[in-house]
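To begin, one chain is listed below as structure tokens, in the form predicted alone.
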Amino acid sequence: MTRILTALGLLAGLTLASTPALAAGEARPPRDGHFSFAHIFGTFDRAAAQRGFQVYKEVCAACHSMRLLSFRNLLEIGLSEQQVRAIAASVEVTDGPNEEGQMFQRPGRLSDRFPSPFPNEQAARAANNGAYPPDLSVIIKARHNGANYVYSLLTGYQDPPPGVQLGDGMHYNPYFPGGQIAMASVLNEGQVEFADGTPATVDQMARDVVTFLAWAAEPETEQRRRMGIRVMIFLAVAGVLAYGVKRRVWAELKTKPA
């Protein structure tokens, strides 16, 4: 029940203060992003996940936290220890108390968790017109068809159709229930500069950040799938052996005189 309530809380945060009437509306089904991790034998594209982390760091982290992720976890998407140490050290972390009983600031370490952009919920709401930006650590799992939903949402902003009146501070996105969402479009062409030279189109940035968020939500996905495949192979072999033994035993029984 606690996990269900947590997921519902994340979904409520993602609405970013949409009105109840709009939340009850129908949303357009999300587009299929054809992500590499989406099928049973799928794996995470490490290059895409690294670019997605850059998009999160340079764009999303201004409002959204990822409190369940530590800097050392970035080693799992292929970043070197030197790179991750540099990323962590670029952040000031509150620590202490020291020998004088005072809290102090220090550069981040591998073991530190990602910092929150705001000191508390009240500050976050004050900076976002009363809305509370949700933590993105498990946002992909908190939404049905989460990867395709977030991808469609990030790339789905458009002008409202004739006859649709937007509320104050709202933006039109057909992939959001009710079509109106308080979160503005956050991705723009060329907004980041990828180290590998990949063009930073809106679609590319959306795909990459979704890949990173999907990995962050379930970093054990690949290991679990590999284990599942091994178990299925073992069961298949065991089944064949059991069937062979059964046939041999019954064949001997049938040939014995009554």
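Heads up: residue numbers just count along the shown sequence, starting at 1. Predicted, not measured: the structure shown is a model, and the values here were computed from it.
Here the subject shifts to the form predicted together with ligand HEC, a form of this protein not shown in this document.
Annotated contacts: A49, F53 and R207 are all free of ligand HEC in the model of the complex [non-hydrogen atom within 4.5 angstroms]. Between the options P134, G108, G156, G178, the residue in contact with ligand HEC in the model of the complex by a heavy atom within 4.5 angstroms is P134.
For the options V138, V186, I77, V84, the residue carrying a heavy atom within 4.5 angstroms of ligand HEC in the model of the complex is V186.
In the model of the complex, no heavy atom of A214 sits within 4.5 Å of ligand HEC. Although the partner is absent here, A200 lies well away from ligand HEC in the model of the complex, with no heavy atom inside 4.5 Å. When contacts are judged by a 4.5 Å heavy atom cut-off, Y149 counts as touching ligand HEC in the model of the complex.
Not displayed here, ligand HEC is approached by N128 to within 4.5 Å at the level of heavy atoms in the model of the complex.
Across the options 95-103, 160-168, 108-116, 138-146, residues that bring heavy atoms within 4.5 Å of ligand HEC in the model of the complex belong to 138-146.
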